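First, one chain by itself: the form predicted on its own, in structure tokens.
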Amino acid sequence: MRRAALLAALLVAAAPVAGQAPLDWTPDEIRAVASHGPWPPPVAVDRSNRVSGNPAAILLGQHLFEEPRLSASRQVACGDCHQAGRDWRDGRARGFGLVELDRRTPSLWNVGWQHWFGWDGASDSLWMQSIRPILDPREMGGSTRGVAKLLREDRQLACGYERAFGTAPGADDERLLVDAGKALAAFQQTLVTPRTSFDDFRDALVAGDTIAASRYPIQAQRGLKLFIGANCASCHFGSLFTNGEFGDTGVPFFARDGEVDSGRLGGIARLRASPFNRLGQHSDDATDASATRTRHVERQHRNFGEFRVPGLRQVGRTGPYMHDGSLATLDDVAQHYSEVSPDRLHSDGVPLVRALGLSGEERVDLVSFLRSLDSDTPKLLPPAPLCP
């Protein structure tokens, strides 16, 4: 009984006080907060993918996402690493396909708005990124021929393909592999996080609604002020809380003993060499406008050891953290950025990371703000049958 009473008291103490005034916010701070919305943004449409947003393709992609026969062992599916019940990741420090990998499995939330994919940006479209793990011998180890054969011979998948693409699976194996990637991408574009308590606060602050703004915990408000004051938004900006680019955060670049992960430097090389990038024949963008970034990206020495800046929505639910899963908790992340040494930054570019020198209380406030970017998400229902 005493423990229950104590727990109730703690919950009351942690809850926002009715009528409690929000902190004072300067016009510049309000503009900075406003820049992280509104949410959700307009629907993402990929012009290089002709079935982006197509309901039949989304359904086919959902089936393919859980299809282990895409792998060489016929036992590994996309959904084994990107699990719906774990916020579309596996919870491991490093991913595991057919063998242990060098990097953490990222969450797929809000992936449809990205313009580079993978920790090193080796893919320039979501459909290209969906093809990569299927063929990677360490992840799924599948083959172009194997994917095409499955789409032709499985009655349900063949029917779903015809509904999505308007024709029965043809004789071109590579075309079928690409179309499987495009259906997978169409499904993943639907994975959008709900609104959060931060979004409600942001909208109230912009509208000048102090009553609604007062519902946002003071601790999270203090953390948001720290986030703004420390210029975290130079990398984590906009409604997605990411610039979608790459940076050196002072995390060691060794993948394992004797092996180096070059990050963005190697990713650009793989992107340019791939037949599946937006410059190739498989893009559906007749204007070629969506290939501009790919056409102009160049490898530079400063790209060594740079990794993609992740979005922060659902960040409290998608640990461990950093590209190699080396930090277990958000407090570890806050401490890392509080103490990071410039000597650990191994690129020769202009460093955006500096030691924040946060106190223990400030780290708690910052984590409180980051957790306000989390939301409970609806359970994904099993997909409907592809065909009667």
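Just so you know, these numbers come straight off a predicted model, no measurement behind them. Residue positions are given as counts along the sequence shown, with the first one as 1.
Keep in mind that the form predicted in complex with heme C is missing from the display, and what follows is about it.
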(message) Please tell me which of 160, 169, 267, 310 lies within 4.5 Å of heme C in the predicted complex, judged by heavy atoms.
(response) 310
(request) Check each of 206, 255, 218, 235 and return the one that places a heavy atom within 4.5 angstroms of heme C in the predicted complex. (result) 235
(message) To test your reading of this chain, name the stretch in 282-290, 193-201, 161-169, 301-309 whose heavy atoms come within 4.5 Å of heme C in the predicted complex.
(response) 301-309
(message) Can you tell me whether residue 225 touches heme C? I mean in the predicted complex, with a 4.5 angstroms heavy atom cut-off.
(response) no
(message) I'd like to check something about residue 322: if you look in the predicted complex, is any of its heavy atoms closer than or equal to 4.5 Å to a heavy atom of heme C?
(response) yes
(request) Answer yes if any heavy atom of residue 57 is within 4.5 Å of a heavy atom of heme C in the predicted complex; otherwise answer no. (result) no
(message) Is residue 244 part of the interface with heme C in the predicted complex - any heavy atom within 4.5 Å?
(response) no
(message) On the criterion of a non-hydrogen atom at 4.5 angstroms or closer, are 78, 140 and 352 all touching heme C in the predicted complex?
(response) yes
(request) Scan 284-300 and note down the residues that get a heavy atom within 4.5 Å of heme C in the predicted complex; none is a fine answer too. (result) none
